[in-house]
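Only one chain is included here, represented as structure tokens and corresponding to the form predicted alone.
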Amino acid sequence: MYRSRLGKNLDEITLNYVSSMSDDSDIAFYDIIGSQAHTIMLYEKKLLTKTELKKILSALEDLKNGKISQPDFEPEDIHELIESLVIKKTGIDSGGKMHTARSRNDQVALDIRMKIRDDINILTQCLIETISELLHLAKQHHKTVVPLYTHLQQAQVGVFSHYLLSYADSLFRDLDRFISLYSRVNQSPLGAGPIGGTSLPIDRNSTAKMLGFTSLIENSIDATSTRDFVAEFVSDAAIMMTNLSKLSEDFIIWSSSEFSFIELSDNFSSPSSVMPQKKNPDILELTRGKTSQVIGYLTAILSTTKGLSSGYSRDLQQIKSAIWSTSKITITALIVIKSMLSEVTINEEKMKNVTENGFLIALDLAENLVLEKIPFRAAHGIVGNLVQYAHNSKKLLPELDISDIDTLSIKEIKSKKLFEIIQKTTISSSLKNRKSKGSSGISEQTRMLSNRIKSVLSYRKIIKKQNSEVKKSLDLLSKKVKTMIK
């Protein structure tokens, strides 16, 4: 339908090569309602008659309700398909006017923005639910002792809630990124035309308002050719997936027989085809794999856009499938991780035993020596020697007696006093005394949990407002369409 200048149709192989129909089903709805808003605006600006308006809107409404028939030619994309079906139903004299003062260039930018806008609203809702599940689990385990690791080696005593809150805070930042991005996505490019606008008396603000956009992408070149908002969306998604992948890696390790800190529900595990005893964390492994996939999409999008000159180029068609796949993967990953967290079993006794049978209070002991006016570097050396001696003697620090301490000939403090400090430095005292802001101390867990639960309520209001504003505008558009076609 669009090939009048060229005079001949594409052969089947070439058509399949240039066609985006396989990727366009995700934006069909947005193309239809975008066309409805554009058509109403054309009527309001006296570029369509009332009869033409009713015919076009009626045909578009049928398409929106799923009444899509096969055209008598193979369309290159969803825009050509929808326009051809409208013309087929209304005739060229009416339907042929629907595309007045717009281009596929501003159409596709519009459709992608509306699709990503909806996906962000779904994503942020899923994110807040996943964060809420982390906080719920953290509340249950704000006193559950767990070893904290650096370099995958035991480092300090902690509580399980502190670990969970670290991921909640990461996801809160992901939430912030998507909410910030939303305002940049929620700008209308419609009416920018192919690149330089139009001489016809259109009203871009009118269509933007009908479609729930808060503002315009004003510059017509920028409106039709920029895809930085796509790169930002997939970038934010890749960062979020990286956080989920990191959590998945922890849970994979912690669910192994060697750790047994947690046990995954059968609903989130897979058996072996040959080994009857196996319970594999396949869901978490797939999250790691899908994270790599999203990172690949980001690389592909940036690689495509970095080499383009200003103005629309057909290369941009290739990034659509990456957007849809990114949305599907990230939304599903959040749903799965949230559900997994709701059914995970925490082996509190195993975590506590591992913590008690190590040297995780070493730093606490050094800090208690600092309170005795011993320089920290000297205290560090004293405790390091104590740990080495205890390790070689196959003892824990609390099991050392005064004769053991005497053997080390420590000059900075008397053996009896050091023995007393060792005896009072325990896991319980560590978690009670650690009060630096953001630490794993018990008092800080209570404060941080309360703070983050309040944050969830605030974010829910923001997400609800974003959703309701778009829904309100599109509901009004739908009512307007139905009124006009009566």
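Residue numbers run from 1 along the displayed sequence. These numbers were taken from a predicted model, which means no experiment stands behind them.
Missing here is the form predicted in complex with a small molecule; even so, the following discussion is about that form.
Trainee: Select from the listed residues Tyr163, Tyr312, Tyr182, Phe261 the one whose heavy atoms reach within 4.5 Å of the small molecule in the model of the complex.
Mentor: The residue in contact is Tyr312.
Trainee: Go through Lys209, His141, Lys320, His380 and name the one with a heavy atom inside 4.5 Å of the small molecule in the model of the complex.
Mentor: Of the listed residues, the single hit is Lys320.
Trainee: Can any non-hydrogen atom of Arg204 be found within 4.5 angstroms of the small molecule in the model of the complex?
Mentor: Outside the cut-off, so no.
Trainee: Mark Thr90 yes when one of its heavy atoms lies within 4.5 Å of a heavy atom of the small molecule in the model of the complex, and no otherwise.
Mentor: It does not: once the small molecule is placed as it appears in the model of the complex, Thr90 has no heavy atom within 4.5 Å of it.
Trainee: Hey, in the model of the complex, does Val108 get a heavy atom within 4.5 angstroms of the small molecule?
Mentor: Looking in the model of the complex, residue contacts with the small molecule include Val108, since a heavy atom lies within 4.5 Å.
Trainee: Please run the contact check for Asp169 against the small molecule in the model of the complex: heavy atoms, 4.5 angstroms, yes or no?
Mentor: Judged by the heavy-atom cut-off of 4.5 Å, Asp169 is well away from the small molecule in the model of the complex.
Trainee: Spot the stretch among 100-108, 252-260, 174-182, 237-245 with residues whose non-hydrogen atoms come within 4.5 Å of the small molecule in the model of the complex.
Mentor: Correct option: 100-108.
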